[in-house]
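Here's a solo chain for you in structure tokens, the form predicted on its own.
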Amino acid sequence: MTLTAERARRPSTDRPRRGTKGRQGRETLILMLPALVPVLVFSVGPLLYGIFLAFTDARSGRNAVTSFVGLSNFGDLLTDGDFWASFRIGLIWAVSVTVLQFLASLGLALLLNENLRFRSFARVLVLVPWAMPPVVIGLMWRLVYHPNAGILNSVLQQLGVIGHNVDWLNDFSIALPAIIVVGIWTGMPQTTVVLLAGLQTVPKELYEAGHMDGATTLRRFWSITLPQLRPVIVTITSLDFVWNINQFGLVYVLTQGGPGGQTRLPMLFAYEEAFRYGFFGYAATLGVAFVIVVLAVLGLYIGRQLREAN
């Protein structure tokens, strides 16, 4: 009886003390501050300032006066033919690079997932484009595409495919496909690595069961590999689309939007409006509008993939 009474009077050690949760929350916030402050200063702050500029007529000039114009910039955007041309080019670029990059990366990931000779060395080589800055990649491919000294023209002429030098980056009909090839080559490493990691998580028992049931290699790929990779595919293709649609440095080094605007992606168009013509407010409007469009496209794509998965 006495022992029971003492246990009843003794405070429970399982129940958290008053104020423990609040103290833990403050400690968590303090630990997050080193990572949170740069995000607020360099990401959230400029984003909010850009949204503010989209509703103004801000422009370059020492004595330029900035005034609030409401939705006027958005109205001008809807009737701007140059914007819609760059938007069309941007969609062609982003969709083409994302789809072709995924297909090439999936094939490469399937190959690297097999028990082949020098597989480890091949996996290291795949990462080479990832380790190179976009400016360096752009300069390298400018040399590859050079009409007189480029290796591409030299090889194609020796093979008899072409009979004269082709100016790949200044031809109106092939400039966009030429930079799409560069975009695919540049983005393949990260897509390949992600898909390869996804392939290694697929249980081998599923392939063994499919083989025992008489399923062919193509059937096992279609019925086992792709369904198991669906979450990875949705994630990496969504990220690739965002990265590609926001591409700037690589294309700027390759063509600067030429010839005649045939490779002028939306980010290049916004850059020109801001830093060539000095219309900061209108350039900010382009950025805001494009963020809305990209989020809408991604929402439709991801929603459809999730519905098909369910």
Partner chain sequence: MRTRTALAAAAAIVALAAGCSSAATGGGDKAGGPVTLKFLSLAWQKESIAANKQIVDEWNKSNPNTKVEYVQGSWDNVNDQLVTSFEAGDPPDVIHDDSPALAGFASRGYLADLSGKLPADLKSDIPQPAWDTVTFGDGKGGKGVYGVPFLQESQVIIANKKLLDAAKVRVPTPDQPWTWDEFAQISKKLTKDGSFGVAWPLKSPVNKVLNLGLNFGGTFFQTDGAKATVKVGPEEREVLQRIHDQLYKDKSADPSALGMGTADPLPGFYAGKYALLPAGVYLRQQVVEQAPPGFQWITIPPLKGTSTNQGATSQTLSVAADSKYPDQATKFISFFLNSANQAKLAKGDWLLPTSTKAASDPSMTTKENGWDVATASAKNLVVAPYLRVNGFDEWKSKVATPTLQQYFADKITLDQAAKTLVEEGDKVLARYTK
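Keep in mind it's a predicted model, so treat the numbers as computed, not measured. Residue numbers count along the first chain shown, from 1.
Omitted here: the form predicted in complex with the partner chain. The next part is about that form.
Under a 4.5 angstroms non-hydrogen atom cutoff, the partner chain in the model of the complex lacks V65 among its neighbouring residues. Using a 4.5 Å cutoff between non-hydrogen atoms, F172 counts as a contact of the partner chain in the model of the complex.
When the partner chain is considered in the model of the complex, V44 lies well away from it, no heavy atom lying within 4.5 Å. The closest heavy atom approach of T28 to the partner chain in the model of the complex falls outside 4.5 Å. Of the candidate stretches 74-82, 196-204, 220-228, 97-105, only 74-82 contains residues with a heavy atom within 4.5 Å of the partner chain in the model of the complex. Using a 4.5 Å cut-off on any heavy atom, the residues of 280-307 that reach the partner chain in the model of the complex are, in sequence order, F280, Y282.
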